[in-house]
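Just the one chain here, the form predicted alone, laid out as structure tokens.
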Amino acid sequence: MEVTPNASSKKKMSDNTKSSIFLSPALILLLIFFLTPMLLTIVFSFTNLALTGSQAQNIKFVGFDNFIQMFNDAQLYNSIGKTLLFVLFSAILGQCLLGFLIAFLMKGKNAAFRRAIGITVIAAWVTPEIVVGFSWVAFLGDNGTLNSIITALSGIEPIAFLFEYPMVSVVLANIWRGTAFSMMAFQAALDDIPLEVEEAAVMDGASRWRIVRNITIPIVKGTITTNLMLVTLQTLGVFTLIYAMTGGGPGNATMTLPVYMYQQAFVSYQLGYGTAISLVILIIGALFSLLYMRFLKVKV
């Protein structure tokens, strides 16, 4: 029995309608919890919205006043610099490289070894940021675990790591917590590389470094790009860890954009200015994503 074009077209339309019906709850949730807050953020960034005072009751459209204030705000530029520094050492040079190294060293090892290392690394990743923050404060504090070990072994006075090396402290804590995601992403990608390809390169006399540079990295380039974007965007938004460890201090030493945005919005009660700062974070994240795709030449 032949199916006429009209019958086929009607069946296709019926299938599309059914698909739309099943997808509609997810689309509605996406609209409510993702697109709506994003649009409200953009709208509020052009207002004088505040938590207290007359501005809390009389919201006014102020045009680009918040953005003009940002361009004249020296602390904003300091926070952008701190944020880029935190992302560079924590996400790019820390989590991504360390995650790739762990995954590469685990490749081909027995299941028990891979499981033990995997559980150890993932345990940090599933720990809430607030717990990680307080744990590292206990570890790096004046009377913390690290200072107790140093004093016992060398007899020198305790070092105030959180005061003298605050950025290093929060970077190490974030690397410790976030490396597991990169490790799992690279482990899955490396396991998909056919053994025959690497064995053929070894038979041709290629060194381990040449295999990694000319075979491994080109094959997992897509994973590298995706992982870099995800880890960078996640690191751009890190707030709880830094706030729990240093509160953005001492002084402004760890005042990244999320911490500065929080202080302006919920400490100084200037929600309009705080939402304008959040758009800067969004723009930086978009620029990083475009840079990664352009640098690694990944088609989208």
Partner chain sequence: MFKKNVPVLILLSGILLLSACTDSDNAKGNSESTNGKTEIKITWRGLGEQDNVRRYLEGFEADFESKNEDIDIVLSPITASEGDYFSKVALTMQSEETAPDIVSEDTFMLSADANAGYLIALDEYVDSWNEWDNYIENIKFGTTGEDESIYGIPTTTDSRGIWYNKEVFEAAGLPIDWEPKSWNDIYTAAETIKEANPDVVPFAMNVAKANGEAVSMQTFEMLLYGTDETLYDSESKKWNVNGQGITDALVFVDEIMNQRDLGPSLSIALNANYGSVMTQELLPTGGVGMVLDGNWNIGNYAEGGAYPIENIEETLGFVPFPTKDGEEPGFVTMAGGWSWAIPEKSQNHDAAWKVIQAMSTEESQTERAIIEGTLTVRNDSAESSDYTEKPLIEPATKALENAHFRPKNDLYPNVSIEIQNAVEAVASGAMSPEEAAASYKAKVTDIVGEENVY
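Not measured: the values here are computed from a predicted model. Residue numbers count along the first chain shown, from 1.
The next section is about a form of this same protein that is not shown, the form predicted together with the partner chain.
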Any non-hydrogen atom of S19 within 4.5 angstroms of the partner chain in the predicted bound form: no
Close approach of V238 to the partner chain in the predicted bound form, 4.5 Å, heavy atom: no
4.5 Å heavy atom contact, D192 to the partner chain in the predicted bound form: no
Exercise: P37 in contact with the partner chain in the predicted bound form, heavy atom 4.5 Å: no
Output flag, S54, Q57 and G249 jointly within 4.5 Å of the partner chain in the predicted bound form, heavy atom basis: yes
Those residues of 141-178 which, in the predicted bound form, come within 4.5 Å of the partner chain by heavy atom: D142, A160, F163
